[in-house]
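One chain comes next, on its own, written out as C-alpha cells in the form predicted alone.
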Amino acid sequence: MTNAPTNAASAEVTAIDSGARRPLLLLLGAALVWLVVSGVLALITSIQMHSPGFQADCPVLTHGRAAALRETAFIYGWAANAGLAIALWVLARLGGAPLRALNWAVIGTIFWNLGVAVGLVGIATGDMTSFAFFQLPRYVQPLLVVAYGAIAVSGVLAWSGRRTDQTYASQWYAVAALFLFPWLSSAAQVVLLWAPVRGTLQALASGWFTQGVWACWLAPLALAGAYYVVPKVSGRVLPSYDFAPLSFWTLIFVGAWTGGRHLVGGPVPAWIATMAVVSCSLLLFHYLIVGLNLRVACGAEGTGIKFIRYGLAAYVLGGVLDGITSFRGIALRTQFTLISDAQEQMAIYGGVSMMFFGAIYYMVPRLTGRPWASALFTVGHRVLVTSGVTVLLISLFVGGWIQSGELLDSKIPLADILGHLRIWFLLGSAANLVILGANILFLVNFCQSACVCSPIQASTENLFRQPTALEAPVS
C-alpha cells in the first residue's frame, strides 16, 4: 500500500498501457463484435422456443444449428478474446514491464478469429460435433490451439520476466488460464475427434472438457480481472487474502472433476457421479474464499466495480446452486429442464461476462488515455444488461421449476407442459432483446472511445478517480 499519487493520469496510464494499446483494443473489439453476433443468435433461439415456425424454413438457422452457433460465438468469440485481453493487461501491469512479442499476439488474434469464423460457417452448414462447448468442426480446432498459443506468448513472457518475485492472485489465475486451455483442447481433440473413445467414455470426456472450460479457463480469466480491479478501485487490502492460494488450487485441481454431475442416473459407474458430488462440495470452499476476498467491492463505486459486484454475486450463488443440484435426489428433478440452462447462464453470463464487463470498463480508459466516449451509453449498458440478465435468469429458473414438477407427473401431456412454459419463454425472449440492445450500446461506445484514442494530454490529469487515502497497487 502506498500514498495515492498526486497525478492520476501519470499513475494510471503508463508505457505498459501505451505499448499494448492496439493489440489489446483489437482483442476487445473482436470480442464485442462476437458478443453482438451471439446476442442475435440467442434472440433467434429464444424466439424459436415459443414460436417453433420462426426461421424453420432456413436450414442455417434451425434451432439446433442456431443454438450451436450462439454458444460457439459467445465462448470462443466473446469470452476468449475479452478474457485474453484482460489477462495480458493484468500480467503486464503486475509484471512491471511492457508486453513483448506483441506481433505474435496480433497474428494470433487474427487467426483465432478467422478460425472461429470458419468454424461458424461449418456449423451453419451442418459440419459440427455433438459435444457441448466443443461444437466447432475438427478441422479448425488445431488452428485455434496454435493461435491461442501465439496470443499467450506475450502473457507468458510478462509472467516469466516480471520485475518482482512477489506474485498475486490475479497473476495466478491469468497464467493458469493461458496454460490450461491448450491442454484441455488438445486432450479433448484426441479423445473426442481424432482417436475417439467409444461408448460412455465419450460422455465422460465431454463432461470433463465442458467443466474444464468453465473451471480452468473462463472462471480464472474472469477472476484475474476481478482480483486486480477490486483493490485498485476500493483502495483496500483484500481481506482473508492468506486463503487465496488455497482457493486457487481448489478450483484448478477440483473444478474439472465436477463434470460427472450431469451424468447422475446415466449409464456410467456410480462412483463417477459420487466423485462429482464430492468435487462440487469441495468447490464451495473456493466460492467462499472468493466471496470473502472480494467483498470489499460492495463498498466501492464506479461503473466497472458495479459490474464486478454483480458478477461476483452471480458467480458465488451459481457455485452454491451447482453444489446443491449435484446431489442425486435434486439432480433427478432438475436434470433436462430449464434449470440447467439457468445455471449455465448464471455462470457464463451473470458471472464471467459481468466480471469481464467490469474489467473492460476499468482498462479501456487506461489504454486510450481518455474517458468513455458516452457516459449515457455506459449507464444505459449497465442498467439494460443487468436488468436483462436478471429477468432471463428468473424466467429460466421459474420455468424450469414448473417444468421439473410437471415432467415427473405422467398424467400431464408434453404439449400441456410446453404450453405452461410459453409465458416464460416469451419473457426470456424479451430479456434477450434487452441484452442485445445493451451490448450494441457497448459496442458503439467502445468504437467511439477506441477510435479517438491519442497520447495523454495534460488535461487528462484528473481523468481517473483515485482512492482518497490509499491506493492498492497490486491485486
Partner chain sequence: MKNGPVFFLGLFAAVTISWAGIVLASHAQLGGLVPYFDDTEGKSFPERPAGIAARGQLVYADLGCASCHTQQVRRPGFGSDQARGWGDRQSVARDYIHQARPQLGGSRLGPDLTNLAGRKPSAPDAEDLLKLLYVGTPVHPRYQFLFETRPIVGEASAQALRLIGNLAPAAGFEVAPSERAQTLVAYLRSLNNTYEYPEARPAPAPIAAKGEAVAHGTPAASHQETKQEGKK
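All values derive from a computational prediction rather than experimental measurement. Residue numbers count along the first chain shown, from 1.
Below: the form predicted together with its partner chain, not depicted.
**Student:** Would its partner chain be touched by all three of 106, 111 and 163 in the model of the complex, meaning a heavy atom each within 4.5 Å?
**Tutor:** Heavy-atom distance to its partner chain in the model of the complex: none of the three under 4.5 Å.
**Student:** Can you tell me if residue 437 lies within 4.5 angstroms of its partner chain in the model of the complex, counting non-hydrogen atoms only?
**Tutor:** It does not: once its partner chain is placed as it appears in the model of the complex, residue 437 has no heavy atom within 4.5 Å of it.
**Student:** Please tell me whether any heavy atom belonging to residue 397 falls inside 4.5 Å of a heavy atom of its partner chain, as the geometry stands in the model of the complex.
**Tutor:** No - in the model of the complex, heavy atoms of residue 397 and its partner chain never come within 4.5 Å of each other.
**Student:** Within 4.5 Å, heavy atoms only: does residue 274 come near its partner chain in the model of the complex?
**Tutor:** Although its partner chain is absent here, residue 274 would stay clear of it in the model of the complex, with no heavy atoms inside 4.5 Å.
**Student:** Is it the case that residue 97, even though its partner is missing from this view, gets within 4.5 Å of its partner chain in the model of the complex, heavy atoms only?
**Tutor:** Answer no; every heavy atom of residue 97 is more than 4.5 Å from its partner chain in the model of the complex.
**Student:** Just to be sure I understand the contacts: of 290, 367, 385, 175, which is the one whose heavy atoms reach within 4.5 angstroms of its partner chain in the model of the complex?
**Tutor:** Filtering the options by heavy-atom distance leaves 175.
**Student:** Given that its partner chain is left out here, which of 237, 197, 298, 379 has a heavy atom within 4.5 Å of it in the model of the complex?
**Tutor:** Flagged contact: 197.
**Student:** 429 to 437, 26 to 34, 59 to 67, 442 to 450: which one contacts its partner chain in the model of the complex at 4.5 Å, heavy atom to heavy atom?
**Tutor:** After filtering at 4.5 Å, what remains is 59 to 67.
**Student:** Out of 412 to 428, which residues reach within 4.5 Å of its partner chain in the model of the complex, heavy atoms considered?
**Tutor:** Residues within 4.5 Å: 412, 413, 414, 415, 417, 418, 425.
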